[in-house]
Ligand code: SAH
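First, one chain by itself in C-alpha cells, the form predicted alone.
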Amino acid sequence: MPDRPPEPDAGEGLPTATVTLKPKRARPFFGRHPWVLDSAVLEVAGDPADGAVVDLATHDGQFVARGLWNPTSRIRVRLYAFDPATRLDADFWRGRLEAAVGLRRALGLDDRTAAARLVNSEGDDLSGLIVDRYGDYLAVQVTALAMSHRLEQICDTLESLVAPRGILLRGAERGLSKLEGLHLPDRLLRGTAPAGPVFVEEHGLRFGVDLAEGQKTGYYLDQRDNRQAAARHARGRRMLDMFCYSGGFSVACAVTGHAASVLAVDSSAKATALARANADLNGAARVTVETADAFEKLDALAAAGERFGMIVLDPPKFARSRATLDDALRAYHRINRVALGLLEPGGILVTCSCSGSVSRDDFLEMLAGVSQRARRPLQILECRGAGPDHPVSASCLEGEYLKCVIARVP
C-alpha cells in the first residue's frame, strides 16, 4: 500500500498521552459517547502522534476511556474502549471486526450474491470505518484519520473473515476529508478490481453497482428495505422517482410493485445511465429515465399540470452540519411542497432525508409545515430508517441519519 502513514501503537495499543477534560464535561463519555470534541478538552499531557492511542480523563484525573487522537479534527478523540485494561492493539481491532461480520451472518445477510453493510462505523463500535460487501468485493470507506493508519490491519482481518476477491478504498466526502486531515484517493487495496459493474441481488431483483465511481460506496444499501416498502404501495400507479440515482426505487416499484409507469429523474448522466441499465436488466420496460435538474423538473411538471399517483423523493444530503440546518429544511420544504401539489387524491409520497444533522423531529415538522402551506392533509403511514445491517449505537444516536417517511394524501 503506497504512501501509507506509520501505524502508531500497532503492537501495544497502549496510551502515549492523556487528554484531560474540562470540568463538568465528562458525563457523555461515561455514557460511552464516542466523540470528544475540541471544545471539551482542557489539556493534553504528552505529545501524541496523529492517530495515536490516548487515554481520556476527568479534570481531577479519573480514567474515562481509551481512544485515538486527531489534533486537526474537531473530533479530537474517538473513543473505543472504556476499561483501562483494554489495549487498542491488533487483537482488539480484529475482535471488533469479527463481531460486526458475525452480526450480519446472524441476520442472514451473508449471501454472496447480494450486498450488505458489514461495518457501520459507530453502530459497530468502529467509529470512522465503513465496510460494504457487494458480492465478492468489499468497498471500504474511512472517515477518521486514525483508521487510515490501521488500514493494513483492517484489510488483513477482512481478508481472513470474508475472503473477498478484492478490497477497494472509497474516499470520504470532500468536506469531511478536509476536516479529518485525510488524503485517501480511491484505489485498490487488496486482490483484484472488478472489470465493470458488480451485479448483486436484492429482494429478487438484480442491480449493477459501480464500485469505482458510484456514489457513496457504489450503491445506497441503507434504502434496501425501504424500496420494498415503497413497492407495496405502487400497484397501478403512475410514479415519479426524483433523485433516482441508479434506479433502485424505480425498478422495485415497477417490477415488484407493478406500477403502471415510472418516470425516473436525476441530474447526473452517469446515474441515469446506471438507472437505464438496471431497468433493462430487470425487464422494467415501464421505467422512463431522464437526466434533468430535479428542482427544475419538479417545477416544470407542476407548471404542466401533471399528476402522479406516487412520488419518491430521495435527495442527496442537504445539510452537512447543524449550521446549515435552516437552509436544508427550506430545500426539503420546497421539493416536498411541489411534490404534494403533483399528487392526485389518494396519492403516496415517499420522502427521504440522509442528512444526519436533520433529526427525525425536524423532518416531520417540515412535513407538517408543507401540509399546512399546501392545505392538503398528510397521513403518515410509516416512519422508516436504514436496514438492520446499519445498526445505531444507543450511545451515539447521531448515527441514525436516514429518515424515510411513507405518507398518503387523502
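If you're wondering where the values come from, they're calculated on a predicted model, not measured in any experiment. So that there is no doubt, residue numbering starts at 1 and follows the sequence shown.
We do not show the form predicted in complex with the named molecule, though everything after this point is about it.
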For the named molecule in the predicted bound form, the stretch among 94 to 102, 177 to 185, 142 to 150, 307 to 315 with residues bearing a heavy atom within 4.5 Å is 307 to 315
Contact with the named molecule in the predicted bound form, heavy atom within 4.5 Å, among Asn282, Thr324, Ser268, Gln228 goes to Ser268
None of Asp110, Asp299, Glu159, Asp293 but one has a heavy atom within 4.5 Å of the named molecule in the predicted bound form; the exception is Asp293
Would Gln215 count as a contact of the named molecule in the predicted bound form, using a 4.5 angstroms cut-off between non-hydrogen atoms? yes
Contact label in the predicted bound form: Phe82 to the named molecule, heavy atom within 4.5 Å: no
| said: Using a 4.5 angstroms cut-off on non-hydrogen atoms, would Val251 count as touching the named molecule in the predicted bound form? | reply: no
Is Phe199 one of the residues lying within 4.5 Å of the named molecule in the predicted bound form, judged by heavy atom distances?
-> no
